[in-house]
Structure formats: structure tokens, C-alpha cells
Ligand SMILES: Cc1cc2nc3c(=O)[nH]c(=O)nc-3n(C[C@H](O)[C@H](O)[C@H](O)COP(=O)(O)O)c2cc1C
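One chain comes next, on its own, written out as C-alpha cells in the form predicted on its own.
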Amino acid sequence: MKIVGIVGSNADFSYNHQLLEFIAKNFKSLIDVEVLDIKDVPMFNQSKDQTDSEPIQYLNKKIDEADGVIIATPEYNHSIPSALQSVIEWLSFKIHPLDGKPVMIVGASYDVQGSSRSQLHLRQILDAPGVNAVVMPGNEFLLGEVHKAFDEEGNLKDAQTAQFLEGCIKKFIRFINVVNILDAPEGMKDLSSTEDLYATGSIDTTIKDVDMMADDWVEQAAEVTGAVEGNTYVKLDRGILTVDQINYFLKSMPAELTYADSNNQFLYYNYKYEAEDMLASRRPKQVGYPLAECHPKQAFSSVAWVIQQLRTGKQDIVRTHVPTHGPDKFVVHNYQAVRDEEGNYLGINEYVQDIKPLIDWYLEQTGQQLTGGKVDAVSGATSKVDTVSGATVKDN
């Protein structure tokens, strides 16, 4: 999830800049934060329109491309700095990149109460006509006595403060997801709850202290858990196989298999082809990613809809055909709910298969034919469902 962090001060040294850098460094497994300064933005002057100037257009572009914005403001005379006020005026004069954009407010100040009054003022400004930002309610992060808060490495000294900030960041991610649902096409808004596609929570089987976005997540997770491999035997429900045998068995399946857990983390696929040779492209480094990082943003509503159908039990399996592979393939994506003995949802078993060879074989063996008119394998009914575990490759 791409986030723009705007420093609300044009000072040469800013503790609010340091706060945003701390967020970018310490929560990079959750969000990708780009910290932007406002030093070069001219003061707002309606009589001298500089909307098309490079500094303002740069901010405009970065905000427009981001999933959300974090603004870190100090407090000057019970309000926000004039430099920040000026930036927001430029961004609500002829251009409106904050319109509908999820925004989180944080702040640092020398005062014991942090930047509480300037944050309140900033909320009012962001709600003004022409700005129309969607500001996350509550969850105020007020860093008081900021000159004592950081160590020499730029880390927050107080562990509880850092933990609270992490909680605020995770809530902001969920808030962005809610805003995306509200902006989704009709028919996708009836989700009974918001799916956390960024997997910010955890379940009993979540492997903690490993960066989900690490290219070697599998290797790191295996080391942390002491996972077995090779010729070590594993007792299954009705059988005993070595890890190697399980791998070969799954690779031999006539379908591309993927497993994502109930926390929406992509945990496995039966890697036997390179991405460009697969029906639903995946890459080894994607294993461990949250599902949000396996799909383009425009597919989020579809992905959440599929998960909700399975999680709530409205359907135990969702299927969609993908006609973009040409007339010589009948590609079907199947999303099967994985449940335990008591029916609790554990995740998704996605299997992707070209069923045309099977249909051709069956017709040849039985002498039967497809009837009922011309079969159009290319332009058949479309589906609103997109693939869940990585049909669209996102390289990070």
C-alpha cells in the first residue's frame, strides 16, 4: 500500500519529518511510505497562480498516485504552520488531489500535549469544500516533548508509544480499505465486513517477526519455525509422506494450486512453471505477501467479494472462466473454501485449470458432442470476479 507522508513544516530540521521517517522505516512491512517536504512550495497567492509550477505539480502527482496520505503537523500558536496551510490552499485552488483521499493526521510538538489543537484545526481544514479529504476519525497520535522522544538512531525510545503508533497505522490501513469499498462499483458494496487484504492482523498460524514482503519469506519463515524438509516424514490425516513426496505430489496435480489463509496472506503455490508460462502468473518471491500486494488496486473489490462469499458460507466455491487465453483454452479459476472439522473458515484453495483437454478427451471417449449451437469460448459471459492469489503479477 503506497502512502505519501507530508511534513507539515518548512523548517530545515523538523521532528515531524523524523516522525514520518520512523513510520516509513519501522512499518515498511505494512505500508510503503514516501516522505515529502514542502520547503520548495511557494506561499499561496491567488493573484499569482503557480498551480502549474514543479513543486505543486509534484505534490499533486504523488498524492494522486497514493492510496492514502499521512500529514505530520507541529503546533504553532494553537494551529498549523502557515506553510502547511499554504500547501493545502494550493491543493484546493485549481487542483484537488485530496478530494476523496484517505488521510491520517499525526503530530509532534515540544508541548506535553503534543499537537492536539493544531490537529483539530487541520481536521476542519481538510473537511472544507474544495479539499474534501476523508480524514480518519479518532486514533490521534500526539507525540509530546518530542525533543526527548527519539534516540540517536531516530527510533522512538518508548516502546508503548511505538506500539500505539503501529496500532494507528494498522487502523489507517483498514480505514483505507473501507473507503475503497465505499468507492467500489454497485454490487460490491454489500460486504458484511471489510476484508483486510493487507493482512495486518494475525491468526494462530501467522509466522510473526518475518517481513511479509521479504523476497526470501519462505526461507526466513522456515528458519523461525524450524520447519522440516527433505526426507522428514509428516503424518497426515490418512497417510504418511515425506516433505519431498508432498511437494512432488502437489506439483503433479493437473492444475495450478494456491493457498491463502484466513488472514489473507498468500502462503503457497505448487511452483512448477515460470510466471510467463502459467495460466495465473505468480512468482516465488510473492509467497508470504498479503493478498493486496498480489493484485492491482482496481481488483480489490472483486477479491474482497470472493473472500466474503467463502468466509461467510454464502458459497463454498466460486468459479469464473477467463477467456483471455484464446479459443484453444477453456481456463477456469476455482476458489474453494478451506474449513476445519467444525466448519471454521481457514482460507482459500484456488485451483486454476484449462479444462479443454479434459472435455476433448471425454467427447472422444464417449462419442458425444457439444450441442445447442455454436460454442463461443472466447467472448462468453464475463464475471465480476478476479483472481485472488496472484493472477496479476505485481513486482515490488
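A residue's number is simply how far along the shown sequence it sits, counting from 1. Please read these numbers as outputs of a predicted model, since none were measured by experiment.
Below, we refer to the form predicted in complex with the named molecule, which is not included among the displayed structures.
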Contact of residue 164 with the named molecule in the predicted complex (heavy atom, 4.5 Å)
no
- Task: Find out whether any non-hydrogen atom of residue 24 is located within 4.5 angstroms of the named molecule in the predicted complex, and reply yes or no.
- Result: no
Review point. Might residue 108 be said to contact the named molecule in the predicted complex, defining contact as any heavy atom within 4.5 Å?
Key: yes
- prompt: Is there a non-hydrogen atom of residue 268 within 4.5 angstroms of a non-hydrogen atom of the named molecule in the predicted complex?
  reply: no
query = Taking 252, 258 and 335 together, does each of them reach the named molecule in the predicted complex with some heavy atom inside 4.5 Å?
reply = no
TL;DR on 285 to 293, 154 to 162, 306 to 314, 73 to 81: the one with heavy atoms within 4.5 Å of the named molecule in the predicted complex is 73 to 81
